[in-house]
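Single chain ahead, written as structure tokens, the form predicted alone.
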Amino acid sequence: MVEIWNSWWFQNTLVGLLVVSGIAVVLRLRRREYWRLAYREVCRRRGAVICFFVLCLYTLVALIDSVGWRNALRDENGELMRDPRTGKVVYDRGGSALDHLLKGISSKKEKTYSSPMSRESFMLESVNRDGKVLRERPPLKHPGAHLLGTDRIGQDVFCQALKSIRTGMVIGILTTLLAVPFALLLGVASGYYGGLVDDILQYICSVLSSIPTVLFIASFMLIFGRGLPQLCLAMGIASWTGLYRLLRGETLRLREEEFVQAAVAMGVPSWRVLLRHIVPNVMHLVLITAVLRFSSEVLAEAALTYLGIGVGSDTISWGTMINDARTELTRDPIIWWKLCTAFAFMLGLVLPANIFGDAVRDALDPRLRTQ
């Protein structure tokens, strides 16, 4: 699974499907007056509009970092290199479009730490001058080239923070996409059919809710290995129970409404009642929960990675940056910029997501709409 996930053709295909699906959903929702009114209500709030554009900027960076390609290797004569056993063309490790855009910055490596926009190294080195041993800060290879400084091995912190955006967006979006359809299907089925179906689903939900989330994710990662797809799957399995209970309760209320009872009395099949009358009337709850859960999933990844059960060390994320900065805070002098950078970029995603989620919640609730 990890090899397929890391392949460029899979990631490019997945990005294309997500973009097309997002456009299709937006075009579908525009046809209903209910969603058009909600859109106008959100646009009335200037703060929500600004937060939406910030989220779009983060999404754009994540998409650029998800689309990539590989280049064929050539020998000294300019001919394509081939594997002697299979005869296939040999490619390099490749890189994303963001890697190519940041190549000018990421290639400027230093020896070790350097503070933001500094022209000399942050660490003191012993220098022998006129028979005296002095401790000075040597000049950098690329003075003033690192906006947010460099880490222990001289890599640019700003590039790492930008590369971490994709991990945060994948965690938030993919985990939500895994949990929401599952909770929607089971919650609507449990509330509408009741009886034995409701008892079985309620029992499964109670069992999963009784298991500590951190313990479940740790066990899952120990069995299937650490990685981004494994973490998304584990968090998706552990996070659908809350939305399931909410949708079950709303379905129990809706099935007693007159329009649903009329459809049943006219002999409409149950699957058609669910698709035409139940699901459209709970979609606002699904959308609100998905938007509000997005930020919590991003924060959960940072916490889990800090505890050592999140993404692996080969994946760049804000959690790994915070984990690396943990030991740097005990140094003298303190290496502060890596932790502050991860915190600032995470805050720049989570805070707009929460503000925009609150605006969406208010817009979808008719009782809270402004007249």
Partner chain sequence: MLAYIVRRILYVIPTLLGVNVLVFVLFFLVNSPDDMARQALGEKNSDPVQVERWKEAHGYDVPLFWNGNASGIGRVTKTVFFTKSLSMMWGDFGKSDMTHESIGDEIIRRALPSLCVTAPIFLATLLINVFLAMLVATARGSVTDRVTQFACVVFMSISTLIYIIAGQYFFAKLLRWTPVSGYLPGLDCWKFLALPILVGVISSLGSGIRLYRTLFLEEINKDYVRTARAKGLPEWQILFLHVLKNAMIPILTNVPLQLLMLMMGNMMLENFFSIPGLGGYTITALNAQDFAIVRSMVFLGSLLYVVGLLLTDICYSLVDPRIRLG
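Residue numbers count along the first chain shown, from 1. For clarity, every value in this text was computed on a predicted model and none was experimentally measured.
Keep in mind the form predicted together with the partner chain is missing from the figure; the text below concerns it.
Peer 1: Kindly indicate whether I211, S219 and L351 are, all three, within 4.5 angstroms of the partner chain in the predicted complex, using heavy atoms.
Peer 2: The answer is yes: all three residues contact the partner (heavy atom, 4.5 Å cut-off).
Peer 1: With the partner chain left out of view, which of S96, Q202, S118, N281 would have a heavy atom within 4.5 Å of it in the predicted complex?
Peer 2: Here the answer is residue option Q202.
Peer 1: Only one of I309, I64, L29, L55 comes within 4.5 Å of the partner chain in the predicted complex by heavy atoms, so just point that one out.
Peer 2: The option sitting close enough to the partner is I309.
Peer 1: Does I355 reach the partner chain in the predicted complex if we count a contact as any heavy atom within 4.5 Å?
Peer 2: Flag for I355 set to yes.
Peer 1: I'd like to know whether F343 contacts the partner chain in the predicted complex, with contact meaning heavy atoms within 4.5 angstroms.
Peer 2: Yes, F343 lies within 4.5 Å of the partner chain in the predicted complex.
Peer 1: If you check in the predicted complex, is L185 within 4.5 Å of the partner chain, heavy atoms only?
Peer 2: It does not: once the partner chain is placed as it appears in the predicted complex, L185 has no heavy atom within 4.5 Å of it.
Peer 1: Examine L339 and determine whether its closest non-hydrogen atom to the partner chain in the predicted complex is within 4.5 angstroms.
Peer 2: Contact with the partner chain, yes.
Peer 1: Tell me the stretch among 294-302, 162-170, 96-104, 271-279 that has any heavy atom within 4.5 angstroms of the partner chain in the predicted complex.
Peer 2: One stretch meets the cut-off, namely 294-302.
Peer 1: Could you pull out the residues of 223-239 that have any heavy atom within 4.5 Å of the partner chain in the predicted complex?
Peer 2: The stretch 223-239, when checked against the partner chain in the predicted complex, contributes I223, F224 at the 4.5 Å heavy-atom cut-off.
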